[in-house]
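Next up: just one chain, as structure tokens, the form predicted alone.
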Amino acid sequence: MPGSTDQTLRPFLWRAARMFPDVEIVSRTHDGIERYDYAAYENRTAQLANALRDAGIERGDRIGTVCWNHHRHFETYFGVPSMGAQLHTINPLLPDEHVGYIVENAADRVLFVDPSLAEKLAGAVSEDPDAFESVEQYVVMGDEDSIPDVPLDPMVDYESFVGDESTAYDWPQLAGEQPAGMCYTSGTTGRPKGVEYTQEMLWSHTMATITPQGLGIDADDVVMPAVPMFHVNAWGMPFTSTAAGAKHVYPGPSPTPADIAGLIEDEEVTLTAGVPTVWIGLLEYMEDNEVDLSSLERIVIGGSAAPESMIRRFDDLGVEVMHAWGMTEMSPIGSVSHLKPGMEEWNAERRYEKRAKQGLMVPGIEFQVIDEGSEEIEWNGEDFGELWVRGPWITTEYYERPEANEEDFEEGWLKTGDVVTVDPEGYIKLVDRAKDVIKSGGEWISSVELENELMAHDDVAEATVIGVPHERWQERPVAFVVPDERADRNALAEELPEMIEAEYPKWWRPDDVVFIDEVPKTATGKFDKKVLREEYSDEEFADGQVPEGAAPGSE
């Protein structure tokens, strides 16, 4: 058969290297800014594939990465899966025991690690050496001067590993069902769960998200994923940007708001993406520093709900926020909030209401929303239930986790655990994670909506809301707020509950406002409510009384 008709990643790079050979890939590294083009990048991926072959790596073997966002990490994105191996991106911010479990469960044969993360990885190895028994080689992402003094054996630097290899490689014809990638969920409620991505899944996700209904990436874009490359393949943006022939910009190890701002200015970034906390940090930095965002056209915000106030602030700066939603199990993008034709003519308030939602499912995904009675809800913007999804880039099972498969999948549908409403136009609005919904007096309170309202206050830097146990009402909301350093805390403690009560039912009003220095974050930058629940489980808050006549069912 002449050629392959299977849907695989390799043709995306083939196209970029031949039609956009001079387009740059820019990377902030431990040693400063490095840049090269698609033509050189293709040669480097071939050298990497040759090096892995010489190391004994065969089709189906797993290669792990413990790395930040940079060009060497990007080389594994095409070099590993295009030779038929499986790229396993590992979150270095997870606890050591989770890192060990993930490596052992995946049976990684080679681990690529950044110099700044080598000590962290060595700590995980020393804690449980048996978990790393499958690892035959550690490769440090740098040159020979980057080798750290840590007990990882055998260890070689990346440039020595690939440097003498040929730039020619006989890329194999691969089937669409060939495993190409792997990522584990964060494991906040137990051990992480492995999700495998086939060539066909990553191809389908790329083709859907490159469209205007997805992220709309084109050849004239300059794309900088601030979302970590270990977090579901940086939301697929390295693949999508390559397919488009766009310029890549990688912000490197632990980028600060100053680093993010500097790269946007210097490289004329047009599109970037990350969780809300990244953009909160950038906005705070801009309060005291001059930042030129004139090149920046749009920001993809996902991982957590983007407050409407954030969308408005970036609008004022001439930057469009594209609110997105997805999951590790979905490769990950599921929906993006674009306005439909004609909606641009609506007044500003109606437009913001739509744009603050998680938006419309991208082409290729079906969904349904199931209530507690196992019935599909009406699309009226009020009824809510759990979101179920299915599609060509959505997994139908976890890796070696039959008990989780039984719980989270049903007849081809992924049960997301997200509680949503759907309006008549088909826009999804995230009400809460099922585990975060506050159940008070037989009714549900959305912690997400309360958080967005609180963060709209000018004197609030961050805010999160959890439900605390209550003898009479089952749970009551308590707000945890990081105030602006110039804020009057006494005034703020009075203003915030009143602001909530003005917009929502009285029984949604938080019983207390607790000021903290920082909201705990998960390994992917989301607010970690589990930490707050554990820390404050025995605390007593305010009087815990719902105003008379304001509780559900009391009128």
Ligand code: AMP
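In this text, residue numbers run from 1 along the sequence as written. Note that the coordinates shown come from a computational prediction; the quantities given were computed from them, not determined experimentally.
Only in words, not in the display: the form predicted together with the named molecule, which the text now covers.
Note on the interface: of 326 to 334, 206 to 214, 266 to 274, 403 to 411, the segment with non-hydrogen atoms within 4.5 angstroms of the named molecule in the predicted bound form is 326 to 334. The named molecule is not shown here, but in the predicted bound form it comes within 4.5 Å of a heavy atom of residue 303. Taking the partner from elsewhere, residue 509 is found to have every heavy atom lying beyond 4.5 Å of the named molecule in the predicted bound form.
Within this chain, residue 430 lines the site of the named molecule in the predicted bound form, having a heavy atom no more than 4.5 Å away. Contact annotation for residue 71: none of its heavy atoms lies within 4.5 Å of the named molecule in the predicted bound form. Comment: the named molecule is not present in this chain, but in the predicted bound form one of 44, 62, 526, 529 has a heavy atom within 4.5 Å of it, namely 526. Proximity to the named molecule in the predicted bound form, defined as a heavy atom within 4.5 Å, holds among 146, 447, 421, 358 only for 358.
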